[in-house]
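Listed next as structure tokens is one chain, alone, in the form predicted on its own.
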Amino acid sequence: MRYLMMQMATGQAPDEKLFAEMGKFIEEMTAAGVLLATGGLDPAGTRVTSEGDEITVTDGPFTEAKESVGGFALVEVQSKEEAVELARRFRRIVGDGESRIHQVFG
């Protein structure tokens, strides 16, 4: 099962200690064959909407910084519980904030 794990933006830049701890966590998940992709996201983004035949493209930002996605990890695990455990470990490293997990279908 694949899960998309998203880190909600905090507006705070990570320090060197956090980079080091996150680097170890990423290396461990990569070595275990769990981590498929990871990265940070542009907080502004671009919105594409459609209504009938009209397509509208609008540059962001659109929401409060705390509501935008700041980064992601795509993992492949055996169960939702395993994905939740990875998210728990991630939260222990980065501290206060919010992560979201969505199963990827297909």
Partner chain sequence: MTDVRRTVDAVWKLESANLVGGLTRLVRDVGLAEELAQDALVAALEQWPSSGVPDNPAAWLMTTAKRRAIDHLRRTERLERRHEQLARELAQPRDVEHDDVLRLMFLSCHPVLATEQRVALTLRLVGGLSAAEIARAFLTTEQQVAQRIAAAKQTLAGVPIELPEGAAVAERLSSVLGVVYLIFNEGYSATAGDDLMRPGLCQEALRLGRLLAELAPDEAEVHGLVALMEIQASRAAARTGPRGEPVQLHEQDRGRWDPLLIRRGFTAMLRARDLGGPPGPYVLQAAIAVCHAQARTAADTDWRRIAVLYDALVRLLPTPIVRLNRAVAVGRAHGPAAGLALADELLADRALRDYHLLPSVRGDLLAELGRNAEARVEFARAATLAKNAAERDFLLRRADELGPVAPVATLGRAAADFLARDDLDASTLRSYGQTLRRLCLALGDRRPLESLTGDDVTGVFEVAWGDAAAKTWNRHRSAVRSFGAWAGRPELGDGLERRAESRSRVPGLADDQLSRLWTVEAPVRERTLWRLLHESAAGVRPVLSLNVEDLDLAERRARAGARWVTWRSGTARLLPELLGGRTRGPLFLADRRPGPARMRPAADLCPDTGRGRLSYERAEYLFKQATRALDPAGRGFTLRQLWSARGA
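Note that this is a predicted model, so its numbers are computed, not measured. Positions refer to the first chain, counted from 1.
This protein has a second form, the form predicted in complex with its partner chain, left out of what is shown; the following refers to that one.
### Message
I'd like to check something about Ala32: if you look in the predicted bound form, is any of its heavy atoms closer than or equal to 4.5 Å to a heavy atom of its partner chain?
### Response
Because a heavy atom of Ala32 falls inside 4.5 Å of its partner chain in the predicted bound form, the answer is yes.
Margin query: Val69 versus its partner chain, in the predicted bound form: is there a non-hydrogen atom within 4.5 Å?
Written below: Close contact is absent here: in the predicted bound form, Val69 is far from its partner chain, nothing within 4.5 Å, heavy atoms only.
- Query: Taking 4.5 angstroms as the cut-off for heavy atoms, does Ala44 touch its partner chain in the predicted bound form?
  - Reply: The answer is no: Ala44 has no heavy atom within 4.5 Å of its partner chain.
Answer with yes or no whether Glu85 is in contact with its partner chain in the predicted bound form, where contact means some heavy atom within 4.5 Å. Yes, Glu85 is a contact residue.
Practice item. Establish, in the predicted bound form, whether Ala37, Gln78 and Arg92 all lie within 4.5 Å of its partner chain, using non-hydrogen atoms for the distance. Key: Each of the three qualifies.
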